[in-house]
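First comes one chain, alone, set out as structure tokens in the form predicted on its own.
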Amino acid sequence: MKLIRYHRPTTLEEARRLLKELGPSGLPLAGATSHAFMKGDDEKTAVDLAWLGYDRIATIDGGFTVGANTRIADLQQYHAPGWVLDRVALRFVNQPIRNMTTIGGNIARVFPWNDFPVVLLALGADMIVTGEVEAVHPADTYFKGQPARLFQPGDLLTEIRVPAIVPGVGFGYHKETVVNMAFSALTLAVRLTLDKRMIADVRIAAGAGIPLPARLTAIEQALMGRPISTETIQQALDAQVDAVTWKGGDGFSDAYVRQLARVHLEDVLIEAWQAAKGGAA
């Protein structure tokens, strides 16, 4: 990829117009940290989105609204009852990269190791894409394939709506790397809702150890409606962990990643259970 021209629009309307006019040769830039992975010699014109705004976090009924241009460092620094994305941000590469990367950039094009698709799937977030009309895409739909399939020319991701972790709901998260700044070998996130001692709802998502981030629905179904206990969790994992096609890499075999997932899925489920017993995260 070769960047041959550069534009810095200051309004969403201007950015959308430029991208529509440029068509496939237009390249929206957010944090610009992932474009090294775009191969080939195609000539592109950069449209820098950094000056549009959309870089704030605010509370809304039931959760939070996060502008797509919000830096990972800002997610790390933000704190409020029910907010858990700071935990994910803290494990994101290193501080210089957190200062550059935006959450929108991390989820607009999905790589196997991306952190935020996993947690947004587990939380049941909504992605807002602004075009001729505003479209709301639930995480389950948005991450079912590459998000580009949902965008028309000139459409831009502008907002992420993230549910809060409230009393009776718990969150668990784990990211496995060989060294601190390495790509993830396995990322797991869980959102678990208790009704007394019963599992009323559970969302489990994984990334890196599978081809693309996704929910682990077979394990969810094995847990749903059952009384919570370590034995319940272990039985569900033993029965359903092989329903997932685990994928190794970076020197890890498929079998090793499968075993890694089995161990840490139990960890994050117990973490979410304990958090749900104790109230909001």
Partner chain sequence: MKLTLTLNGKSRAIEINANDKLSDVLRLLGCASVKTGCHEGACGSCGVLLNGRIVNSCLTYAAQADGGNVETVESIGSLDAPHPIQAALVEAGAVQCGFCMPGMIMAAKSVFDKNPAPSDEELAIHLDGQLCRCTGYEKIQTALRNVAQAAGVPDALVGGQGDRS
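Residue numbers count along the first chain shown, from 1. These numbers were taken from a predicted model, which means no experiment stands behind them.
Unshown form predicted in complex with the partner chain; subsequent notes refer to it.
Screening 26 to 34, 244 to 252, 58 to 66, 221 to 229 for residues having heavy atoms within 4.5 Å of the partner chain in the predicted complex returns a single hit, 26 to 34.
Proximity of I97 to the partner chain in the predicted complex falls within the 4.5 Å heavy atom cutoff. Taking the partner from elsewhere, Q76 is found to have a heavy atom lying within 4.5 Å of the partner chain in the predicted complex. Shown alone here, L90 lies within 4.5 Å of the partner chain in the predicted complex, counting heavy atoms only. The closest heavy atom approach of R191 to the partner chain in the predicted complex falls outside 4.5 Å.
The contact with the partner chain in the predicted complex, taken as any heavy atom within 4.5 Å, belongs to R71 out of R203, R161, R71, H174. In terms of contact with the partner chain in the predicted complex, the residue from N180, Q146, T141, Q152 that brings a heavy atom within 4.5 Å is N180. Using a 4.5 Å cut-off on any heavy atom, the residues of 1 to 20 that reach the partner chain in the predicted complex are, in sequence order, M1, K2, L3, I4, R5, Y6, R8.
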